[in-house]
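The data below hold one chain only, encoded as structure tokens and taken in the form predicted on its own.
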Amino acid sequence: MKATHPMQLSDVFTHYSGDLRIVEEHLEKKYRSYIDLIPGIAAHIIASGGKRLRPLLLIISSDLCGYRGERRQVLAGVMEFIHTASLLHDDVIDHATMRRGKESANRVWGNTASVLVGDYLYCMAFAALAEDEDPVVQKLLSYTTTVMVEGEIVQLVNVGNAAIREQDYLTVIERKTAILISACCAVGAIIAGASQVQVEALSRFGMKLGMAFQITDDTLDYVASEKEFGKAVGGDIREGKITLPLIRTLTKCSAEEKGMIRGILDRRAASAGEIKGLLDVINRYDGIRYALDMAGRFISEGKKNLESFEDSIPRQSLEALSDYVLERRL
């Protein structure tokens, strides 16, 4: 079925609202436990306003390939559990205090509880995969979660490393973020019984989308307000994370400016004035524009992988989500 007009983000969520509601029910049912701490922490982050991008991508991809059965909602919930578990662990590693505009779980309940509930969600995800009994999906998600952890480790090794190269950064975001988004699209095609060509096309689409998503996420850290973005502006550099706008700046700026940046990285702290000075330097060398231009190229490359699919509501939905990644403020 074709859309009668170009899909907007609101149209996408309206069209798939029934599926997403069922996913929410699956999530709530699965994280129930007699241990009050588990649903408390799980609900704190799962119900904290995330866009459900990953479940939505799986549902739309399966729809694009002609499948509308229950497995897509169950497996969409699996993807959200994997994503949420990774967020709980990330916030502990990063010593984060905010997540989506509210206190992070580790700030409220402590690191130990956050790590253990993250482990619990991973276990619930793989228990659901065992019940699904699809070895192809199981193998893909086993590989995916392994690569995600590798990405986190590579990022950890590079914390505070002002000499990190652009390619190193791209490798990290491919492994820690894009790989799961790619898997969501691929799984949607797999459960639809799509051809290998279609599975690979959607996998590539998801990988490009995931790269753009993380680049824009990292760029928003320097340009969005705390109210919009849900965490303090400049939070990444305070944590020692060096992302694309800063990598670009470090290749262009003066020795004095590099010294200022290294000082912030070494201290893992910066005043409001220092952050303003850093933003001025990044803008002077077009770090923000450089990063957003690269994200735009990834989106364009990703959309090309949809050209082999007929024009339809699900294809236009994937295209609308791609546009949203570049335009988003949250």
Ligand code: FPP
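Quantities reported herein were computed from a predicted structural model and do not represent experimental measurements. One-based numbering along the sequence shown.
Absent from the display: the form predicted in complex with the ligand. The rest refers to it.
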Decide if the three candidate residues 72, 198 and 200 all line the ligand in the predicted complex, where lining means a heavy atom within 4.5 Å. no
Which residue, 214, 104, 182, 249, is the contact with the ligand in the predicted complex, using a 4.5 Å heavy atom cutoff? 214
Of these, 79, 190, 117, 148, which has a heavy atom no more than 4.5 Å from the ligand in the predicted complex? 148
Using 4.5 Å between non-hydrogen atoms, is residue 244 touching the ligand in the predicted complex? no
So, residue 168 and the ligand: in the predicted complex, are they within 4.5 Å at any heavy atom pair? no
Distance check, residue 109 to the ligand in the predicted complex, heavy atom within 4.5 Å: no
Though only this chain appears here, would residue 208 touch the ligand in the predicted complex if you measure heavy atom gaps against 4.5 Å? no
Out of the stretches listed (128 to 136, 200 to 208, 253 to 261, 148 to 156), which one is close to the ligand in the predicted complex, meaning heavy atoms within 4.5 Å? 148 to 156
When the ligand is considered in the predicted complex, the residues of 150 to 180 having a heavy atom within 4.5 Å of it are 152, 176, 177
